[in-house]
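Here we start with a single chain on its own, the form predicted alone, put down as structure tokens.
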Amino acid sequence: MTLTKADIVQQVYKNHPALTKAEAAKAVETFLAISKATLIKGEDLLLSGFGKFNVKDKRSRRGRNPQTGDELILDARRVVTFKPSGILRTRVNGS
């Protein structure tokens, strides 16, 4: 099963009874907006105990159209990578 944004809002609402559902949704939206803005600026996002999101620059490279076999040049781009923390990695692996 996939965890959705609505599921996260529901968990925040359930675990913090002082918040209304609208406030919980705003808190989640604010966190996501800050996270997106940080990554768009090219900065890393470190969440202690969870992991680190990095923005990496990829150079342009040669590629191939799998349907026709034609070669083409793929543009340079930026990608977001994630490296889990040791704590998360250990818990996911059940150790």
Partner chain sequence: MNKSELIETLAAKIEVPVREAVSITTTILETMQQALADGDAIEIRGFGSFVVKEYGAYTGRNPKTGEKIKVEPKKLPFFKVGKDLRERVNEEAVKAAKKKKKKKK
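Positions refer to the first chain, counted from 1. Keep in mind that this is a model prediction, so the values were computed, not measured.
Heads up, the form predicted in complex with its partner chain isn't pictured, but that's what we're talking about next.
- I73 falls outside the set of residues with a heavy atom inside 4.5 Å of its partner chain in the model of the complex.
- Although the partner is absent here, K21 lies well away from its partner chain in the model of the complex, with no heavy atom inside 4.5 Å.
- Shown alone here, G49 lies within 4.5 Å of its partner chain in the model of the complex, counting heavy atoms only.
- Put simply, T38 is close to its partner chain in the model of the complex: some heavy atom of it is within 4.5 Å.
- Of the residues in 1 to 33, those that come within 4.5 Å of its partner chain in the model of the complex through at least one heavy atom are, in sequence order, M1, T2, L3, T4, K5, I8, Q11, V12, N15, H16, A18, L19, K26, A27, V28, T30, F31, L32.
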